[in-house]
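In structure tokens, the next block holds one chain alone, the form predicted on its own.
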């Protein structure tokens, strides 16, 4: 297997220009959408079947009472342990030799299990085609020696693409540099291959807690909760069954007394 390819997004360098978002739409031939009212400069609150990359605008209050912008270009994480891939019943979702996670529309049956199984809300459903859609890291480009369109279009190098191990080393050094500059909350999200979901192949440098950027602090696979959910379901069924049995017995007693 080839070395894992990954994307490192340094949010401290993002200027919110949306060049990445436009490049993604153009290369993947995604349709135009009417912007939603999100209360910020953000086009949409969530990913859609026509928006694979979403630039987030977050206003963070400061102790002085002022507000500061936190900007982040968000995308599919191509998780090492991918909930969408594990949930897919047809094999439509697969992992490439580069470690990326793709969807084969010819095999997708439109069940939407992947949509519900993504901890990041990345996978969307296209009503016209009846299939699931998401970022592929521009699969056609990387298989022809080119980087994803978003990374190529980024004017500040906020989005960097390459081999995962090289990018993690670079990202760790960047965190130390930022902390030395006074950004005490600078941290990497998803870079640790021993962390949540086995590590993310699209990982981020954040300047605040993940939840500030609408990211789960500790994302988990839905399947990990199956045992607990099953126990609750069994318990609920037993309670309902016991209630029905008692009700039947009471009715039987009433009929006998009559």
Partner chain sequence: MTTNLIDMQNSDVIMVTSNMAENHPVGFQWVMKAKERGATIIHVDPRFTRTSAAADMHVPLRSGTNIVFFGGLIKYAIDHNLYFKDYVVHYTNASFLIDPGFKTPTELSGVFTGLDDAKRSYDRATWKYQLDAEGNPKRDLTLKDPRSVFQLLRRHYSRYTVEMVERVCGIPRAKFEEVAKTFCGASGPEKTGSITYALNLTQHTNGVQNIRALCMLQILLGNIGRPGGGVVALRGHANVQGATDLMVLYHNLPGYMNWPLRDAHPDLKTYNEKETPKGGYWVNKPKFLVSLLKAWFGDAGTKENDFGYDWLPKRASGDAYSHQHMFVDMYNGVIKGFLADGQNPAVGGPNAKLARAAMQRLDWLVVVDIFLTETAEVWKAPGTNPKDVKTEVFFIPAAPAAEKDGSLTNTMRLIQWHERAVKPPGDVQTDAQFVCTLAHRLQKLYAGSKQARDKGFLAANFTYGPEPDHPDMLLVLKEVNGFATQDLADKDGKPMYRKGQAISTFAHLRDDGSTASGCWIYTGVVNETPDGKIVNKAAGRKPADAADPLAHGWAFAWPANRRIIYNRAAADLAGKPWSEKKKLIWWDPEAPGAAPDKKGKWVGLDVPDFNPFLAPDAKNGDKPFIMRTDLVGAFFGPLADGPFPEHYEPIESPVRNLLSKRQNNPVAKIWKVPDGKNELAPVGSPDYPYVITTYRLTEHHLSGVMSRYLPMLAELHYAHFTEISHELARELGIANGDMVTVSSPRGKIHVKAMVTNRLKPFIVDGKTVHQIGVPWHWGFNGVPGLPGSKGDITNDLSATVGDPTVFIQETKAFVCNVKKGVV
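All values reported here derive from a predicted model rather than from experimental measurement. Numbering follows the first chain given and starts at 1.
Although not depicted, the form predicted together with the partner chain is the subject of the following passage.
Heavy atoms of residue 40 reach within 4.5 Å of the partner chain in the model of the complex, making it an interface residue.
In the model of the complex, none of the heavy atoms of residue 209 sits within 4.5 Å of a heavy atom of the partner chain.
Looking at residue 169, you'd find every heavy atom of it more than 4.5 angstroms from the partner chain in the model of the complex. Contact between residue 26 and the partner chain in the model of the complex is found at the 4.5 Å heavy atom cutoff. For a residue to qualify, one of its non-hydrogen atoms must sit within 4.5 Å of the partner chain in the model of the complex; all three of 13, 34 and 57 qualify.
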